[in-house]
Structure formats: C-alpha cells, structure tokens
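Laid out below as structure tokens are two forms of one and the same protein chain, each shown alone and named structure 1 and structure 2.
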Structure 1
Amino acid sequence: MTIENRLLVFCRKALSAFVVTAGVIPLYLLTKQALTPELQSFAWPPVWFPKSLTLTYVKDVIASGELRTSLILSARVAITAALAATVLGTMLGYAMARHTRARALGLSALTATRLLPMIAAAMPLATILITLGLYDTPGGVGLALVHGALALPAAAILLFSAFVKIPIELEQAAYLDGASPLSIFLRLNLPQVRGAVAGAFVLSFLVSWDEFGFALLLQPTNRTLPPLIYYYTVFGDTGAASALALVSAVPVLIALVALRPVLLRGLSGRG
C-alpha cells in the first residue's frame, strides 16, 4: 500500500512538473522574444536567456499605427460581442431554467452552435455582410455580431446553471403579492445571479478576443489582434508578433485571475 501511495505521489509530482513546463515554456519564450532585440530572436543557435532587453516592440504596440488600431478594434469587437452574448444568454438561460420544453430546444440549438464548422458559416456570411455593408468595416460590427452568437452557448449555460438554483417558490410568492413577471425577473432573479452575469460577460469577451477564423475571413484589412499576430508571425516580424501576442495575453490573465471562482464553477458545470 505504501509503495502504491509513494508511486502515486511521484506520478502526481511528475504530472504537475509536466503541466507547468508545458504551460510555462511557451509563455517564457514569448516574453523573451517580445523584450529582446530582433537580432537575438533570429540568432542561431537560439538564445535561451536574454542578453539585453528592449521595450521598443511593446512601445510600438501601445504608441500608434497598425498595432494600436488593431488593439482598439479588438477591444471594441469583444465588448460588443460580450454585451450581446450576456444579454441574450441571460434571457435564454432563464427560459431554459424555468421550462423543460425551452430547455430541450435551447440545448439542441446551443449544441448545434458548438459543433458548427467555422469555415462553412464564415464564407457565406462574408457575402451576406458585403450586401449589408458590414464587411470589413473599421468598427467591426459584423464580426462583433458573429462573435456574440459564438459566445452565446457558454454564456447561456453559465446563466442557466445559476438560475436553476433559485427556488421557484420565491417567484410564486412574489407573483401572489402582485409583482409582474418582468419585475420578478429584474428585481428578484437577476440580482441573485450577478456573479454568473459577470462570469458570462468575461467568458464571452475572451471568446471574441481569442477568435481567429471568423476574424480572418470577415475583417481582411481592418484586422483584430489574432489575425494580425498571425500575419506578423508567418511573414516574419518576430519582435512585433511577440509583443503583440504578449499584450493580447494581458487582459486574458487579468480577467482569469479576477473571476477565477465564477469561471471555474461554470466550466466544470458543478457547484
């Protein structure tokens, strides 16, 4: 028994080492490339530890030009998308929590959304957005609307599992006291799921912020961050690509640290 236990402990240590390495090495190399002069990034054999540091690339991202424009566009698209997904997800989550038929219907629709191949929707959508005049606009409205739909399943499920825990007796009591259905929802139910609403907003924001495929196809010249990182990576501007990637990882880190409990609970579907 003790040998078995010791083996388990060893395996767990090996596992944690593996997980941490697999996660930390990419982040470290990225940071290194973003903060060292390009000559060191192109050196052969590769430089593992920086010899000198520079803030040129990070400054470029924040200061002006293409990088900054794309940063602002990404933020605008992600906020719009997160608003749409949170509002609609709250509505759908509530309907699904209160009615079994709505639950079955909603689950099918959300599952279908989750399984959709990006390319099959994005190409015709580009044609549709051209007709509507929303294709590749500087404000990225068309892309934001797609991202909202893309983030809807996660937001709706998060809200659904929060609403389901509120006892229906509360609602019935409020109804007997003469409250209207809308005010029951707004004043009784909504305040109780504030945490889940915030979680849904952050999760949707991250879905949009990280999304690559639709952004590549629908915003070919007014690029959000992921396609721009792709272009810089593939067409060889190591410093700028890494700095951009680093900057784009910052909001993700902040959001995750701030809302870790809510997100984890929603993720595992328990609690």
Structure 2
Amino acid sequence: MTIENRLLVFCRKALSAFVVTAGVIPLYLLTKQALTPELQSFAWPPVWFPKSLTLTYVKDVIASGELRTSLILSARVAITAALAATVLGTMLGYAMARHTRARALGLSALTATRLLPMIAAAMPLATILITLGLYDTPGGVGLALVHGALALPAAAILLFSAFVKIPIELEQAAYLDGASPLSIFLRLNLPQVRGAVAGAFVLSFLVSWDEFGFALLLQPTNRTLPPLIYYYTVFGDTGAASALALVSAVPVLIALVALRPVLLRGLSGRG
C-alpha cells in the first residue's frame, strides 16, 4: 500500500471517528442528565461520570399523562405528514425524472419553499389554519399538513434521484406491450425504488418528529413532544426534560435500526 493510500485510509478512519464521537457525546450527556441525581447534575466542577444513578425522572415522565398525550399526538402528526410527503414526493420525483420542464419547475418550487424564514411563514399559516378550523386541534391535522410541506422537498429530491436512474427504455418497452402509464408506474417503477420510498418516509417522519418552531406556534396547548420538552426546560426541570427527550428518542432509534438495510439501499439509489 502506497503512502497516499495509507494517508487516505487514515483520513477516512479519522473522519469516521469524529462523526461517531460527535453523535455519541450528546447522546451520552443526555442520558447522564436523565439518570443523574439533581445534586450531581448541577455540581461544580461538572461530574462527567456520575457516582450514582436514578430512574426517578424517567419514571415520572413515563407516569405523566401529558407525556402519553404528546407522544400519541407526535406519532399521529409525524405519520400523517410522512405519508403525505412520501406520496406527493413520489409523484413529484417521478415527474421531475421524466420531464425536463417539470424538473426545472419542481426544483425551483422546492428551493423557493426553503427561502422564507420560519417565523415569516408561521403567522400567515396560523391565520389560514384558524380560518379552516385546523389551528391547535387535538388531532394536529393542521400541523401535520405543515410538516408534510416541510418534508416534501427532501422526499421529492430523494425519490427523483432514484427514479432518474431507471432507464426510460424499460417504460417504452412496457408501453409497446400494451401497459398503461399507471400500470407502468405501479408495477415497473415503484418496485425498483421501494428502498428510496422507505427512506423518504423515515426522513419525513423524522422531520416532523423533531420539528419545534411550527409545533410551538401552531399547537400551543395540544403540544407535541418538542414543545413539551422546551416547557420542561424553561421551568427549570432539566432532569425531567432530559428524561423526556431520552424517551422521545427511543422510537426514532428503533425505527432507524430496524430499517437500516432498507434505508441504506434507498439512500444509495438502489431499490
């Protein structure tokens, strides 16, 4: 192995170690804060390795009815938003992959949606949702629509990159054999991008699950998990806030681990 190759391998390993460390340290600190007694949490100098652990905070938030309500609402909003973003993103991604004009218009529209700051769009959206009767509802329908719109650009671009790799000749041959455009899309194209569809769904779910700004402004009383964690923190209950954040991270970690093979195929562009 040449010196250049050795240097390249070393740089890759160093970068991988940095990325893993950057992800593990915040998770460790969150877990430590959630399981450390209050006296050790606020000790100075900081206690990096607690001498004793407690499950008091975790038990308190699990026993809280507010947690169950917010957890159900967050799951409902995230699943609804992910389904909407994935379905619309699949159609938009396919259109952009097959038509040059649709690609230009689609990419321009998706880029434009990210130009406005969140607060500039939140107030008009709140007015619209109030008019429609969808503001701060127990079911979170209005928030789910907003989260679906937020996740749509990423889902559409991910699926566009998958559809564009499918040779157009396959569709043309199927069309000559008498297949309808809908049949070609459902039976020929979708099976080849199922990994990308799964990746788009999980990505959209995470966008909604972790979103804070719109959730805070559009659901002020029927709160999802991120605003609930924020309120626990604001009122100084950092142990409970850390435990709540730790509990809310569990479904995400389970989904990522369970769907890891599918997600890797989807993000690499393979079905």
Partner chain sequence: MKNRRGRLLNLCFLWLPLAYLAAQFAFPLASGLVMSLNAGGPSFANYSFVLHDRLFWHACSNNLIVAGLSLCLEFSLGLLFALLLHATRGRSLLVEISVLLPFLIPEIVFLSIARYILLPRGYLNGALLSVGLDGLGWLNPGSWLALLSVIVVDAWHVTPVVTLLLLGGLQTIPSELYEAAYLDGAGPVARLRYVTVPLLRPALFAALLLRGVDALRIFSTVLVLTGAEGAPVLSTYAYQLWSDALEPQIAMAASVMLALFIAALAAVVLGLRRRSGGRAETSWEYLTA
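What you see is a predicted model, and the numbers here were worked out from it, not measured in a lab. Heads up, when I say rigid core I mean the largest set of C-alphas that superpose within 1.5 Å between the two forms. For numbering, take structure 1's sequence and count from 1.
The chain as displayed in structure 1 is taken from the form predicted in complex with the partner chain. After superposition on the rigid core, the Cα of Pro50 moves by 2 Å or more between structures 1 and 2. When the core is overlaid, the C-alpha of Ile25 ends up 3.3 Å from its other position between structures 1 and 2.
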